[in-house]
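Next up: a single chain in structure tokens, the form predicted on its own.
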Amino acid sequence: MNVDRTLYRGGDRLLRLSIALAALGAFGLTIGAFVNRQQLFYAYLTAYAFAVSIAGGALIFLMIGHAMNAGWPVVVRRLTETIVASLPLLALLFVPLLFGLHTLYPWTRPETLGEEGMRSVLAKRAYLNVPFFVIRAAIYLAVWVAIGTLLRRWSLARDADPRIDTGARMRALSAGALPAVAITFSFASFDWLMSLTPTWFSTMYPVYWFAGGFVAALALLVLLTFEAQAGGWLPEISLSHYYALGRMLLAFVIFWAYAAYFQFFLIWIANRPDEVTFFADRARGPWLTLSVVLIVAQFVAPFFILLGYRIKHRPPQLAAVAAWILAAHYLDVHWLVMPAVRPRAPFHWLDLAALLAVGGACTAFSATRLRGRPIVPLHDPELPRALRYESR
């Protein structure tokens, strides 16, 4: 494989577009700060949770590949690392949320929750307090950034010098740190999303958020792979690699539906007033419509489409399904966040502004970090086997 040909030097148009969209989104958020501060922070949290769930899902996929010493994912490892490379920026993008904690989270002002709600929140004061919240967030982000940075750095080091063998280190770190990533991801979901309704809880909530983020990360990886191949940067990738990605997409679409169904089913059969509030808020008015749309968009439609054999061997169609899943995941995160503040109007123009700002910034940052780098891990001993991978 020619090293010069695999150094990624494209993406100029994508970089310009993403920077322009990020600037447009930032301008919209600036206006929103003067027009509607509450809507601004909820929109920003939704966009942030959407982006960080995808980066976290990509990190877990990368770590699983290393821990299992898997073969075929080596071909798309650098693209996976590119998604993970957005984590340092996402750590910085968390800072604006610190200025909206009292706007976002009712546990910071328990007197607004009524007598029973205030009593419930005050009982959790040892955990739900602003200083500890900020410390925990710093720990979560530090863990993700440190692991993602080390794995990417060691992978690139072997590209620079084939005599450097970092495979054992990457496997050891991935296998050893997977529990830490799983735990921090779980507590991040508790802190950043579930505590929007501080009197409600669900032990399935982290699994639900992880499943959505993981399937969205796979969908984004399909899109990046398709675009890289269409641009001539990944000519060696085969239909077998697309088939493998398509199978994983199908598997985790089912896993997301499993987590969603059992979270709902367990709360429904328990029939406790303090547990049903979450679903009750999403079963009224326009939120009921969005709930039905979400079931169809994130499970029913992709499940029946991906169930077919041929679709997974047709990259353009598979990429279209991946784009659909990615959009559905945003609706999912929106569905998790917004009913807490918008009982009647599910969407606001600030949602688009926040999505453009966060998504555009992450895209530009990740694209910049890929430029001038090999688009595949050239000197990985598993690469020849990965390129010969066949799946029927």
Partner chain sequence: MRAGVLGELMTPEAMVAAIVGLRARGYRRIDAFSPYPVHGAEEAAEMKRSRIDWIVFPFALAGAGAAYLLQWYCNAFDYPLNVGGRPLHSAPAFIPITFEMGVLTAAIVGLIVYFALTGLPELWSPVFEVEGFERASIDRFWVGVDAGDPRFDRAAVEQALVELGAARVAWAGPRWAP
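Positions refer to the first chain, counted from 1. Note that this is a predicted model, so its numbers are computed, not measured.
Unshown form predicted in complex with the partner chain; subsequent notes refer to it.
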Contact flag, F201 vs the partner chain in the predicted complex, heavy atom cut 4.5 Å
no
Using the partner position in the predicted complex, report whether A126 sits within 4.5 Å of the partner chain, counting heavy atoms only.
no
Even though the partner chain is not shown here, does L307 get within 4.5 Å of it in the predicted complex, heavy atoms only?
yes
With a cut-off of 4.5 Å between heavy atoms, is F264 one of the residues that contacts the partner chain in the predicted complex?
yes
Just to confirm the contact call: exactly one of 256 to 264, 103 to 111, 128 to 136, 162 to 170 touches the partner chain in the predicted complex at a 4.5 Å heavy atom cutoff, so which is it?
256 to 264
